Ligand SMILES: Nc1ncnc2c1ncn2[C@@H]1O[C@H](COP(=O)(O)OP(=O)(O)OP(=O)(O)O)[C@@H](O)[C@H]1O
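Taking the form predicted on its own, here's one chain by itself in structure tokens.
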């Protein structure tokens, strides 16, 4: 059996939204540890900060306090030089799937999926080869040259998953990845992500409002009053 290693660890994470009139605490001394091969669902009421938490774990936002370690490297960095390092770590170790695919409309599926590798410095021919392999794995072998407008909702989300996975990330983050899909496509997309996580021995952290989908994960946590608790489902 492959030894499970810690992919991402968040320790005592705090974050609040400040305005002229109030200070709204979103996360308070939150802790999370995710290992290889593990699938974790995060549920919670609207407005509790689930997407904010995911953005912080992805290095898109910076916590006020606390530490995040990604594949053994410090992921909470402040100055501009360190922000650039954080972007490199995110590109190397992470994939992100949104509720809405965020594919670039003017590019084909193949070009969209190639982008993370091009940013990493992979030459175009190699990037397109790996992108084509990934699109084939998600069932889009015959749709690679189609632009997003020419794809169905389920196909667009599959292309977005291929883009997130093309760099073989250690950690896949998904923010309501099936929230814009019907029941059949929702089940298919989750099954695909689960399969690829197992095959690559990576980790999945998913925010979802769908309790039935959450139950299919290894662990289900509820974000409540700024902390992650066992959802008990």
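All values derive from a computational prediction rather than experimental measurement. Here, rigid core means the biggest group of C-alpha atoms that superpose within 1.5 Å across both forms. Positions refer to the first chain, counted from 1.
Another form exists, predicted together with this ligand; not displayed. Remarks below refer to it.
- Of the listed positions (194, 180, 69, 51), a single one reaches within 4.5 angstroms of this ligand by any non-hydrogen atom in the predicted bound form, namely 51.
- With the partner omitted here, the stretch from 43-51, 160-168, 197-205, 184-192 that lies within 4.5 Å of this ligand by heavy atoms in the predicted bound form is 43-51.
- Within this chain, residue 211 is remote from the site of this ligand in the predicted bound form, having no heavy atom within 4.5 Å.
- At a distance threshold of 4.5 angstroms between non-hydrogen atoms, residue 99 is in contact with this ligand in the predicted bound form.
- Although the partner is absent from this view, residue 56 stays clear of this ligand in the predicted bound form, with no non-hydrogen atom inside 4.5 angstroms.
- Contact annotation for residue 26: at least one heavy atom lies within 4.5 Å of this ligand in the predicted bound form.
- Contacts between stretch 6-21 and this ligand, counted in the predicted bound form as any heavy atom lying within 4.5 Å, involve 17 alone.
- Here residue 99 counts as shifted, since its C-alpha moves by at least 2 Å between this form and the one not shown after the core is aligned.
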